[in-house]
Each structure stands twice: as structure tokens, then as C-alpha cells.
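Consider the single chain below, provided in C-alpha cells and representing the form predicted on its own.
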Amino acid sequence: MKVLIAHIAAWIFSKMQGAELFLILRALRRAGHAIASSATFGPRVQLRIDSRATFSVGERSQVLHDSWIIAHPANVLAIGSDVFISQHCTISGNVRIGSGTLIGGFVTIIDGNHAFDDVHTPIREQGGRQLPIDIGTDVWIGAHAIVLQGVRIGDGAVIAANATVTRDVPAGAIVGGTPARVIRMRGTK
């Protein structure tokens, strides 16, 4: 009997998680955010969208389980059509992701960073700054990559797994490493 009750409780809990996400999406759509009806969100996706932010998701885009999508006041977070965001990703701030982009698991894309120049003031008290991130169309970002503030990734670029992108990436470039550097251009040997 205890096993049956545990199974029923787990089933109810899973349905409640789906209901919560459904209610959040419905509230965001009613508030004017452009979230395509064909966009899908996996279990335990966290949508933390401030009421003063602008959020959009294009047709047929997918966000897999356990990912976090965060937009703070005045942020514009735009995900194009046919974008695939794998599991356990974090996307936060002023971020534009172009159509057809593929993002591997455990990727972090964050537009902010802490200030730390004043050695007499604790870092947490120095604030920070945000610089938008612009990811082009048909980009592939490998698993565990990190894309930092102010970066522009050109159309058709490939970001290797575990890369840390700290500066702009040209269209069609393949980059890797920490900090990421151009390895070669697509279509060349």
C-alpha cells in the first residue's frame, strides 16, 4: 500500500509541475509576451521573466528539462524560431538567439558581470554591468560552453564544447578553448 501511495504522490507531483509551467506561460502570453503556441518547454523549466522585461519565443522552438530562462527589468530576451535549447541550460539577461540555433546541454549564457576594480570595497557591493549578447542564426553551441556579456556570435558559427566565449565570433567560424579562439572557418580543412 505504501508503494502505491508513493507512486500516486509522484504522479500528482509531476502533473502539478506541468500545471505550474502551463499557468506561467499563460500569464506571460496574457501580459503581451510573444510565445509561439508551437514552442515547447520540458519538465522543470524555470521561466523567471520580470513583468518589465520583454520576452519572445519563436515557432517550433524547444527548451528541454531543468533549464532556466531569466529576464530582469528592462531586459529583452528573444529566442527565434526552430531554436533547440538542451537540458540544464541557463540563459539570462539581454540575449537574442537567432532562428535555427542549437544549444547543447549545460550551456550558460549570461549578459552580466560583477565590478571588482575597487580593492577597498567588497565585490558584492560594487555592483555590475550588463552588455547584451547577440547569437546569430544557424549557430551550434556545444555542451558546457559559456557565453559571456557583450559577445556577438555570427551566423553559422560553431562553439566547441566547454568553450568560454569572451569576445565576438565571426560568421562561419569554429571556436574553442578558454578563452575561445578561432580554430578554423567552416568549409575549410
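Each residue number is its position in the shown sequence, starting from 1. Just so it is clear, the structure is predicted and the values come from calculations on it, not from any experiment.
Omitted from view is the form predicted in complex with a small molecule, to which the following refers.
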**Candidate from 143, 53, 36, 146 lying within 4.5 Å of the small molecule in the model of the complex - any heavy atom** = 143
**Prompt:** Ok, 27, 131, 161, 123: which has a heavy atom sitting within 4.5 Å of the small molecule in the model of the complex?
**Reply:** 161
**Prompt:** Does residue 176 reach the small molecule in the model of the complex if we count a contact as any heavy atom within 4.5 Å?
**Reply:** yes
**Message:** Can you tell me if residue 189 lies within 4.5 angstroms of the small molecule in the model of the complex, counting non-hydrogen atoms only?
**Reply:** yes
**Prompt:** At the 4.5 Å heavy atom threshold, is residue 183 in contact with the small molecule in the model of the complex?
**Reply:** yes
**Request:** Give a yes/no on whether residue 104 approaches the small molecule to within 4.5 Å in the model of the complex, heavy atoms considered.
**Result:** yes
**Request:** Choose one stretch from 134-142, 53-61, 147-155, 38-46: the one whose residues place a heavy atom within 4.5 angstroms of the small molecule in the model of the complex.
**Result:** 134-142
